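Starting off, we have a lone chain in the form predicted on its own, written out as structure tokens.
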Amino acid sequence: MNRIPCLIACAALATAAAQAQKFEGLALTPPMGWNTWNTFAGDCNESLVKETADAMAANGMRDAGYVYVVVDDCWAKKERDADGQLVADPAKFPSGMRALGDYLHSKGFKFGMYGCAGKTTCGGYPGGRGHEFQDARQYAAWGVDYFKYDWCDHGTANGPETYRIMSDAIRAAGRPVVFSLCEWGQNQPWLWAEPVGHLWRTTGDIGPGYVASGKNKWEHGWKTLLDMNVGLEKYAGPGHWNDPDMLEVGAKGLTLAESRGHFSLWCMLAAPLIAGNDVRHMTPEVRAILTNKDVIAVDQDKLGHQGFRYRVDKDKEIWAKELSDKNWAVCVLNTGDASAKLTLDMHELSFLTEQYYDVTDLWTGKPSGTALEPHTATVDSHDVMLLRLKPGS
């Protein structure tokens, strides 16, 4: 294979993308919120969104940081109007999108919307291709704060150029908007998207994904997507995040242990935390996972470092994330199919720089000794031991 043309083409794409200028100062920590798609798909509607916002205000999610409420695909009429404008489906959103945005803002939330870079969206509704500046002005008029831009029906469109155009359109519309690039990692956006948007998908769509097939394995679920983000940590930071897709915490098909493991590892990745379960009717156990302030603090740490996979052993992985003030988060994942007693010997963690650390178990919230002694816990299948290490004296 001749690498020279490839290198020249990649350099050209990077140069084109660099011309875009997103709104700076946004998403300095990974965005947190809720999205209609994972549970409701095309059944999004005004009542659902308002009821969800009300529930999030009451159940502690809003105050825990979940402030972006995002209306995903299938919100629009099947055709644009005579002027080429997008129109909300009046059966689903009778008050219109401006009124919905006003409602969310009045409740202390930020308003998120969905579009697609192709001729049509993934659900077959009008896409943004050729209408980027018109649509950006429309979203700004509706008070949109967060915009997810998908990648269906894109034909032969160039990925970096397509997303640069939409980024320029958002900028020209004048309203600061968090721009979420949802092109599934097909064009390696971590290499070019930092000046274009605030987060970019690194993978295809998530599913709850625990499947038994001969031997038990994760298939198209959170573990598969977790593996796809190994090595991408150097591309993430304040205002520019790798996005392994939305949360499946509380979804059918996941055990409570798997939901806890999933949430822990997304926090280790400094991933956007966009819930997708029906928060109006979730169990207290699922709510406790989503609102655990000590675990969320790992995700939202101001240093903005994405965690990395430190070691893989049989039925065990060790992940580490550098935090502010010389703190560390260390996560031990049980990848096996049964509960197991796992041991973490801090002396084997070569990245630690201090001689002494106090250790806290983040899921129990209790002190767990110091880093001078090994830590052992019985961990359910696909669950974790999640520890915070703080320098002591």
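When you see a residue number, it is the position in the sequence shown, counting from 1. Everything numeric in this text was worked out from a predicted model, so none of it was measured.
Missing here is the form predicted together with a small molecule; even so, the following discussion is about that form.
Chemist: Heavy atom to heavy atom, is residue 37 within 4.5 Å of the small molecule in the model of the complex?
Modeler: Within the cut-off, so yes.
Chemist: Might residue 122 be said to contact the small molecule in the model of the complex, defining contact as any heavy atom within 4.5 Å?
Modeler: Yes, residue 122 lies within 4.5 Å of the small molecule in the model of the complex.
Chemist: Hey, in the model of the complex, is residue 205 touching the small molecule, heavy atoms inside 4.5 Å?
Modeler: Looking in the model of the complex, residue contacts with the small molecule include residue 205, since a heavy atom lies within 4.5 Å.
Chemist: Give a yes or no for residue 150: in the model of the complex, does one of its heavy atoms lie within 4.5 Å of a heavy atom belonging to the small molecule?
Modeler: The answer is yes: residue 150 has a heavy atom within 4.5 Å of the small molecule.
Chemist: Would the small molecule be touched by all three of 227, 319 and 331 in the model of the complex, meaning a heavy atom each within 4.5 Å?
Modeler: Answer is no for this spot.
Chemist: Quick one: from 273, 182, 249, 193, grab the residue that has a heavy atom within 4.5 Å of the small molecule in the model of the complex.
Modeler: That would be 182.
Chemist: Under a 4.5 angstroms heavy atom criterion, identify the one residue in 73, 301, 233, 258 near the small molecule in the model of the complex.
Modeler: In short, 73.
Chemist: Only one of 346-354, 49-57, 333-341, 65-73 has heavy atoms within 4.5 Å of the small molecule in the model of the complex; I'd like to know which.
Modeler: That would be stretch 65-73.
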